[in-house]
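The chain below stands alone and is given in structure tokens; this is the form predicted alone.
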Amino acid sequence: MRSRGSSAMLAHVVKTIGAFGQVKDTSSATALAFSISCDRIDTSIRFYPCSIGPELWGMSLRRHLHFCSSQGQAAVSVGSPSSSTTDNFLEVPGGRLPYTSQLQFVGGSETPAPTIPCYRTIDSTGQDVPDAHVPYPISQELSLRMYTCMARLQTMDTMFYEAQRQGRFSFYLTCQGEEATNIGSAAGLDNKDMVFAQYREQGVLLWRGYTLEQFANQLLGNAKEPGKGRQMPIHYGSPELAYQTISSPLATQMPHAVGAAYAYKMDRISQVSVVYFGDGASSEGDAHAAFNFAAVLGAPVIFICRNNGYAISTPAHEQYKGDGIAGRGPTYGIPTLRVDGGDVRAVYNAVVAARARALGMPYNSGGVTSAPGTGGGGLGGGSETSLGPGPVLLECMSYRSGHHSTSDDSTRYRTSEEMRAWRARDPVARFRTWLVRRGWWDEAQEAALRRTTRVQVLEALDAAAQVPKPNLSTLFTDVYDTMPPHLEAQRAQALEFVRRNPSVCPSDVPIE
């Protein structure tokens, strides 16, 4: 059967499902749009094929009915526009566009878009922000668990960084300044939600139960490390904790996260995927492809940008124009929120709301800035129901207090005064002050936690150092279920060469 134009097809489907007979006004049109089952839509459009496929075709129908409602138009006017409608709107396959008689550019210095505000609930001095909308309060128990994890992460980072400087392993980078983003987001997720990390999210693993011993094993690349020493340090992964193994190239994890989320949607699994990326990664083509795929497919993925001010040595003002990363979300049709990445309670609330929004569940929309027509609220309160599964973008504004990594000297591109000023806003200290004000924490507990964590990190490092390195022969395994002949030959040649020249192999690495 020959495909028809989108307007004609849409009108036919509306008529097939009974919209002409049932819809009396725009409010009932919207109600009908959300009551139609997927099976009923699929049955209808099966007789009127469209090249974009049944799922996107059904989605287009729903979006059209909602759009008509929001514009105060009769939902059944598509396909047979009146003369007045034709004069006022341009119908294109992607939707209906209003005409204007004015030649005026949008964006840029002429008409800049409003800056998206930054949601926060605890100020830089550790006090509650007056009238802050906190739809998901954190209990004393949850608050203490979050703070304990933040403090352990900070201590672990410091000691692992120093261990690398002592030559115990080759590379490390810390979360200094971004602990609240790590722990607040991890606490707001379900532990089964699949995480696609960049490389500065070890706090998410720590929250989910990754042990200090497992961290140390990975950093030293010993025989207990799942990757058998074939990954760089800090390239963690854990199937048990739903944490995909890190890959160094920037933004490659973003399309993967969208694919995983779309699989959840197709399989009707009530989970989301969450992908972390930095402001530098947002300049990669994979980021834009991921945003667009996620929006078009309605994939339940949470994009969490850690905007820490620098892409290694490139400051944000040299990285992009416009309103940061959050400014891109609405243009892709993605509900978006900018949040204070140093406020762990704000991050937690943002992620809980984002997860509900991504799954198409009711959520409290206080503080959410959404793309037009996506069902999100403004800066007011109230409960919202989203239009169905779909992506959400969060931009967590923070500051990388430490060097980019142990291979970097950030004093070459930023001043010591700048670094000191930001370190004074330490998110761990901010949350500790908030806890102390409530009588939930004191100096004795703080000293005991720091002391215990330091001992545990040292013990983990010492234990990992005693574990043998993986055999050299494992370099060739785990790619194929059965090793093919060409790899067998390469393996034999490599082992024979090492036997003849033992000095080329580190003394602590067994040959086989």
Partner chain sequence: MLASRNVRPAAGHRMAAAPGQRALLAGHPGRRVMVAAKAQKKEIMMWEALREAIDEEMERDPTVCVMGEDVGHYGGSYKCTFGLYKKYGDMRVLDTPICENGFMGMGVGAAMTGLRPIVEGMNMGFLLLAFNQISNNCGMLHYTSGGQFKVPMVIRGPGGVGRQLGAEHSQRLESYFQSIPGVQLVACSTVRNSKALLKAAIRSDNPIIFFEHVLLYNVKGEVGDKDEVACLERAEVVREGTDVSIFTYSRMRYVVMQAVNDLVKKGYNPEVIDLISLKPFDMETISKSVRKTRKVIIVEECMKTGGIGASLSAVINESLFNDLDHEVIRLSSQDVPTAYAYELEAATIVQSSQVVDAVERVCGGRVAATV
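Since this is a predicted model, take the numbers as computed values, not measurements. Positions refer to the first chain, counted from 1.
This next part talks about the form predicted together with its partner chain, which is not shown.
Asker: Within 4.5 angstroms, counting heavy atoms, which one of the listed stretches 284-292, 161-169, 144-152, 345-353 is next to its partner chain in the predicted complex?
Answerer: The contacting stretch is 284-292.
Asker: Although its partner chain is absent from this view, report whether Ile138 comes within 4.5 Å of it in the predicted complex, heavy atoms only.
Answerer: Residue-level check for Ile138: no, no contact with its partner chain.
Asker: Would Tyr199 sit within 4.5 Å of its partner chain in the predicted complex, counting heavy atoms only?
Answerer: Contact check for Tyr199: no, nothing within 4.5 Å of its partner chain in the predicted complex.
Asker: Can you tell me whether Pro93 touches its partner chain? I mean in the predicted complex, with a 4.5 angstroms heavy atom cut-off.
Answerer: No, Pro93 sits far enough from its partner chain in the predicted complex that none of its heavy atoms falls within 4.5 Å.
Asker: With a 4.5 Å heavy atom cut-off, would you call Gly126 a contact of its partner chain in the predicted complex?
Answerer: No, Gly126 sits far enough from its partner chain in the predicted complex that none of its heavy atoms falls within 4.5 Å.
Asker: Taking Pro226, Arg230 and Leu297 as a possible spot, do all three reach its partner chain in the predicted complex with a heavy atom inside 4.5 Å?
Answerer: Every residue of the candidate spot has a heavy atom within 4.5 Å of its partner chain in the predicted complex.
Asker: Identify which of Asn217, Ser238, Gln319, Ser405 has a heavy atom within 4.5 Å of its partner chain in the predicted complex; exactly one of them does.
Answerer: Of Asn217, Ser238, Gln319, Ser405, the residue with a heavy atom within 4.5 Å of its partner chain in the predicted complex is Ser238.
Asker: Looking at Arg338, Arg306, Lys265, Arg400, which has any heavy atom no more than 4.5 Å from its partner chain in the predicted complex?
Answerer: It is Lys265.
Asker: From first to last in sequence, which residues of 243-266 have any non-hydrogen atom within 4.5 angstroms of its partner chain in the predicted complex?
Answerer: Contacting residues: Tyr243, Gln244, Thr245, Ser247, Pro249, Thr252, Pro255, His256, Val258, Gly259, Ala260, Tyr262, Ala263, Tyr264, Lys265, Met266.
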